[in-house]
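Take a look at this single chain in structure tokens; it is the form predicted alone.
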């Protein structure tokens, strides 16, 4: 029984080589592909044609939820549920609510950042098909890779391998799932 194919993995030697290759893969119309580098390569996300992240919106919504929730809870407890005059202040003494409102905004924003990042990155992912490649072990050391998934509509074994070799990869291998 043959293993199901995951995709193609191409190796590149330099950051400039992978930057140029990413532009060519993007321009070729591939949709399900990624680059793997040992360090951030400036401008690579633009070369890949990536859209802006949704994470700032998630953080904003969570921070506002925390701040509004904290302010609302303090208002409700001080004005409606348990009105109590403290030091002659009015029931709705909003300046006293600011520290808790701020802290809950920061807390919920931080939680939104952590869990939003994990969700958007589909983490934790304990296994990936690329881990089958012996060469791929060097992506976190000194090599640069592009992987194109088999589920991509433009993926064709022979044509994709030839394309990756044509754009300057030093090695191309097919990876089983």
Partner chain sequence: MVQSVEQIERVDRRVPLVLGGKSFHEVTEAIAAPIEGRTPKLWWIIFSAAVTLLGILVASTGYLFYEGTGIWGLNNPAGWGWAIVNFVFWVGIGHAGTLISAILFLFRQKWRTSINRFAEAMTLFAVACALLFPTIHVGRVWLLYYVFPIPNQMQMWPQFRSPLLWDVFAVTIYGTVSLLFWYVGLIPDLATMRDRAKSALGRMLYGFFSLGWRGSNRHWQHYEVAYLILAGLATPLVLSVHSIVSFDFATSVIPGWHTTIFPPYFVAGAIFSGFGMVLTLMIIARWAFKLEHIMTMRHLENMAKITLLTGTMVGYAYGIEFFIAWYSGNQFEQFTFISRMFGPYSWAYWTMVSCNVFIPQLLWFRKIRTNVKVLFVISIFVNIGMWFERFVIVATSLTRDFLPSSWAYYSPTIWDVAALVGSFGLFFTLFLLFLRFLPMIAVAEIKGVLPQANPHHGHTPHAEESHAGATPAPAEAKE
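Quantities reported herein were computed from a predicted structural model and do not represent experimental measurements. Residue numbers count along the first chain shown, from 1. By rigid core we mean the largest C-alpha set that fits within 1.5 Å across both forms.
Keep in mind that the form predicted in complex with its partner chain is missing from the display, and what follows is about it.
The closest heavy atom approach of residue 16 to its partner chain in the model of the complex falls within 4.5 Å. Residue 56 belongs to the set of residues with a heavy atom inside 4.5 Å of its partner chain in the model of the complex. A residue is said to contact a partner when one of its heavy atoms sits within 4.5 Å of a partner heavy atom; residue 34 meets this definition for its partner chain in the model of the complex. In the model of the complex, its partner chain stays beyond 4.5 Å of every heavy atom belonging to residue 66. Residues of 76 to 97 placing a heavy atom within 4.5 Å of its partner chain in the model of the complex, in sequence order: 76, 77, 78, 81, 82, 84, 86, 89, 90, 91, 93, 96, 97. Once the cores line up, the CA of residue 106 ends up less than 2 angstroms apart between the shown form and the other one.
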